[in-house]
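In the block that follows, a single chain appears as structure tokens, in the form predicted on its own.
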């Protein structure tokens, strides 16, 4: 392979009232033509700033590149004028930004924005057709219609797919992908990863993949670089990295990953947080959080140690510094923690029966109802005290609407929602307000759910004040305690949401939900924006609160490993209906519905032996909930569909007292 991009001693600093923040502090790496280099690390380590530095998009005037070289095929990009750099961005280097909501232009249509990358490459008619092809290739249904729509008309997942279409439009030589699949469910993630992989094979494109999903790294990367506190601390080929990571930080990242084998116990977390990058470092930056640190780690900055195909910045591998007792790194052996789940009581805390949420479609001058969007079309579920029910399914299947319907944030069209013996459907606003303390929600997008004009302390106090809880001093003490529990310093209460990373904003959202001591929390993708170490902290926190307070969770997620670790039961949802449910062990060990099988098969796995397998997924796009297919809603995408599937919706087949599925493959399941 030939070197496409070489980064040498890159340094990007930010000027703040408190001092200079050395966000990127001497970074070196290379990317070969056609390879994928994955960049791992916690929020605040400098991954995204490194990516922005490569394309000269560091936010000015506070941020600036102070040193280093970015060499693309022998040409130092740092010497280019802004005008010359515009010929590099998009055409030679494409970029998928982490937050499509803020990266997309709200006054331009999706077609116009994707087409900008093709300007000067294709004529207008051919460019339009190419844009439509791109939108279709990234899994956007009805691309001709979406071409003329604006970003606010698209869901979060669809905005992310449009961003990916923009980045790959001109088939760049290097694609920088900053968390490209964070907002996507597993089937769309599988489509996107397959698309990027195929594009690489066809064009020999290189990729810098920034992600916190180790499964995606195992699936996509050729080499892995681990970043901590502004520096690269380890670089390794993918196979060796997953077999034997060297740096203590890398090994702790692995041990933070949730999974079925760790059910019943706490996940290992990395104590403390990423250090303040305004200070001078006299030793190893990871030493205060490292369980293998000794005197030399605090007194001397570790040098880069080149091993056989591997590189690491650690005194453990420096013959001149290493102690005899730490001559070799400890093997990666995540502890298997076994524990029993609490049993469901006779009376569930939450009981939902045949819940429906239909949105009218109006047309004409008189706005007459011409149809309905059946977002939720007959959902029944139960959650006991101290239990977690995970609700999984693709974007657009109605999961979030179920949560909002349960909390009466959206009034249901039909059905019953009984909380602690009290019917919520049709309850007055004043009575529901009194119940808000017991029923809270963590929204999916912390960027839009936190008031940008309020400091964090005021955001956390707002709910307590509305419920008349405690004195001002008591609320202040509670806020400090909440921030510490979710891994944020007490002085965070005096800052605004925009001053935090995406993962930190999500922790603030969780703290806000916990502020009023609820009994039921609807968690809508609460860990989707978090790296694995912070995710472990949050999952441990949620589990600890559940064990001590008998909290109940409706956990909406597309992260199967989180479901395996945290949930007691799982319900799989498709096009407004639950098509399979049961205990997590039963459903994941023997999924019965073809859709559930497709979801589980699409999940990237950590085990290196399977990491290069082709991901199997459900074909086609989810139909519109305003016009669902006749019969079984899944039959147009099902490889096992029978004639009966096109005519009649299947009845529920029971496989045990807790496991059932609605599928014609099981017309007379056990127990029926």
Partner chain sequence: MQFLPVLLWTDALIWILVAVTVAFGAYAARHEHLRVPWRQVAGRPLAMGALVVLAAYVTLGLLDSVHFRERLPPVDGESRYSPEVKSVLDLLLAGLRERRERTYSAPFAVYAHAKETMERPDGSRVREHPRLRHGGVHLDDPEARNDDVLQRIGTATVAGLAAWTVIVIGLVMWRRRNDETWPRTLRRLMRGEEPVPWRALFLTSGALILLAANAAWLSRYYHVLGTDQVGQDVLLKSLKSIRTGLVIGTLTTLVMLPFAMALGVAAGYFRGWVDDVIQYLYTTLSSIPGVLLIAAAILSLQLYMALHPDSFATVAERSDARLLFLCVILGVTSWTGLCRLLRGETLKLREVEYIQAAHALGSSHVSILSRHVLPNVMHLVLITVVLDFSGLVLAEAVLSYVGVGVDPTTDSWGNMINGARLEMAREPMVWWSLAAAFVFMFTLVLAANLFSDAVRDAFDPRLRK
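Numbering follows the first chain given and starts at 1. Note that this is a predicted model, so its numbers are computed, not measured.
Separately, the form predicted together with the partner chain exists; it is not shown, and the next lines address it.
The stretch from 444-452, 579-587, 539-547, 283-291 that comes within 4.5 Å of the partner chain in the predicted bound form, counting heavy atoms only, is 444-452. Contact annotation: of the candidates 359, 304, 496, 150, the single residue with a non-hydrogen atom within 4.5 angstroms of the partner chain in the predicted bound form is 496. Of the residues given (418, 458, 601, 103), 458 alone sits with a heavy atom within 4.5 Å of the partner chain in the predicted bound form. Under a 4.5 angstroms non-hydrogen atom cutoff, the partner chain in the predicted bound form has residue 463 among its neighbouring residues. Proximity of residue 512 to the partner chain in the predicted bound form: non-hydrogen atoms within 4.5 Å are present. In the predicted bound form, at least one heavy atom of residue 467 sits within 4.5 Å of a heavy atom of the partner chain. Shown alone here, residue 86 lies farther than 4.5 Å from the partner chain in the predicted bound form, counting heavy atoms only. Heavy atoms closer than or equal to 4.5 Å to the partner chain in the predicted bound form belong, across 392-418, to the residues 404, 409, ordered by sequence position.
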